[in-house]
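Have a look below at one chain only, the form predicted on its own, in structure tokens format.
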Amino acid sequence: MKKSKDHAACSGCSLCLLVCPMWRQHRDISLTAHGYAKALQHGAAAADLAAALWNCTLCAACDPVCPEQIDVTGMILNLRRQLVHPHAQDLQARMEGQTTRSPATQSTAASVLLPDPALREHPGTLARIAALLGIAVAEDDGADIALALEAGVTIPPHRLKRFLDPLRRLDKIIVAEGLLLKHLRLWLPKVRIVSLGEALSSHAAVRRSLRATDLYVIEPRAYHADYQRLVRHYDGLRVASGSAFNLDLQRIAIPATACSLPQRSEVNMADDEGRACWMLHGRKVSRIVVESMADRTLLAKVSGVPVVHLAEVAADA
């Protein structure tokens, strides 16, 4: 496997600034991938960058635009592992405490869905997705593992094994959380792993239900983790449906909201409403279709039009 480049490869071109939501909001280079890399090149340690590192939403928009092909998200996660996030101080203890539990049992189906916490809070939509895709919902969705990845917490080996062992037997895994999807592809290279957005937007009933007056909001983490392939998928969907997408001129997905750990734990409260309004500026749409349930509430608040999850549009077919 080709070794990823690190901060030493950064040339300072600043292309990552063009797509960084923290740069758009603050205009502070210290809060960007460019700033992290240059600080590290000049001898800074993770502790010196702690406040800046917890501002990152991990939208991963910087990864596909880096001409040096630095794994920027991986760099940030590695730095976070050298820190301790207050929101997750007890997370490792909870994960360690799972040693007494019996191994998780997954469905005997060939494919499963790993929902994220936001989707778990909407059982009706979750059931609709399972029925639409003909897929079982995993008993163990790895939500604590996704949180540990984001918080820089070391995942106990027995916890990771308990999560992965039932998944190794599957043909396909559909994942709602983009950060978890990226790591599952490394952990389970023999299993086909796709994002929930890709799975639903490939379904004929969903594609037929998209309208030319829709704004389709892509979940950015999964999209940017597989950008070279998915940009073609979504280009085809855009042509077929006529819908507008939350893509900038570089075809990078603009995050609708910061649903990351810093925002959930109030370490940093991003200007989510301002970012959503900026994404909507100049658009005349009759409906917003989201891949991530976490985006629905915010966009409904600022848009004044119906906001529906991608799985729900199939009911209109």
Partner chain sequence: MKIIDRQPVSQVTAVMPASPGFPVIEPGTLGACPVAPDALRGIKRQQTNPARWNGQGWQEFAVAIRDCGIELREHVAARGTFVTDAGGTAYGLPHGVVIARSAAQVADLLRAAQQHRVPVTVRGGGLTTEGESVAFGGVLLDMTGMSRVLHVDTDALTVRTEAGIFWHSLAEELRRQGMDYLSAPLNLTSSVGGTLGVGGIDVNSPRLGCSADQALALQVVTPTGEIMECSDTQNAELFRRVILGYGQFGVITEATLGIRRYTPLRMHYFYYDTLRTAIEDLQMLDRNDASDYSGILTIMDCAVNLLVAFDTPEREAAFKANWQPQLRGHGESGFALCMLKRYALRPWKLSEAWYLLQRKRELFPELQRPEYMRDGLMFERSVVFSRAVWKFWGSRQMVIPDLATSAEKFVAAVERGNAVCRKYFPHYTLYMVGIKLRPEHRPHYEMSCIPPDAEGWAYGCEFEPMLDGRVYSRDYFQSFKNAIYDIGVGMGASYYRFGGMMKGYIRRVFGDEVVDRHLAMKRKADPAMILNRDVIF
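No experiment lies behind these values; they were computed from the predicted model shown. Numbering follows the first chain given and starts at 1.
Omitted from view is the form predicted in complex with the partner chain, to which the following refers.
A.B. asks: Looking at heavy atoms inside 4.5 Å, which stretch does the partner chain contact in the predicted complex, given the options 184-192, 153-161, 116-124, 233-241?
C.D. replies: In short, 233-241.
A.B. asks: Looking at L299, C10, C20, M293 here, can you tell me which has any non-hydrogen atom within 4.5 angstroms of the partner chain in the predicted complex?
C.D. replies: Flagged contact: C10.
A.B. asks: Please determine whether each residue of H26, Q228 and M279 possesses a non-hydrogen atom within 4.5 angstroms of the partner chain in the predicted complex.
C.D. replies: Yes, because H26, Q228 and M279 each have a heavy atom that approaches the partner chain to within 4.5 Å in the predicted complex.
A.B. asks: Using 4.5 Å between non-hydrogen atoms, is V308 touching the partner chain in the predicted complex?
C.D. replies: Because no heavy atom of V308 falls inside 4.5 Å of the partner chain in the predicted complex, the answer is no.
A.B. asks: Consider A39 of the chain shown here, and say whether it contacts the partner chain in the predicted complex, taking contact as heavy atoms within 4.5 Å.
C.D. replies: Yes, A39 lies within 4.5 Å of the partner chain in the predicted complex.
A.B. asks: Within a 4.5 Å heavy atom cut-off, is S30 in contact with the partner chain in the predicted complex?
C.D. replies: Although the partner chain is absent here, S30 would touch it in the predicted complex, with heavy atoms inside 4.5 Å.
A.B. asks: Is V285 close to the partner chain in the predicted complex, meaning a heavy atom pair under 4.5 Å apart or at it?
C.D. replies: It does not: once the partner chain is placed as it appears in the predicted complex, V285 has no heavy atom within 4.5 Å of it.
A.B. asks: Where, within 43-64, is there a heavy atom within 4.5 Å of the partner chain in the predicted complex? Residue list please.
C.D. replies: A44, D48, L49, P64 sit within 4.5 Å of the partner.
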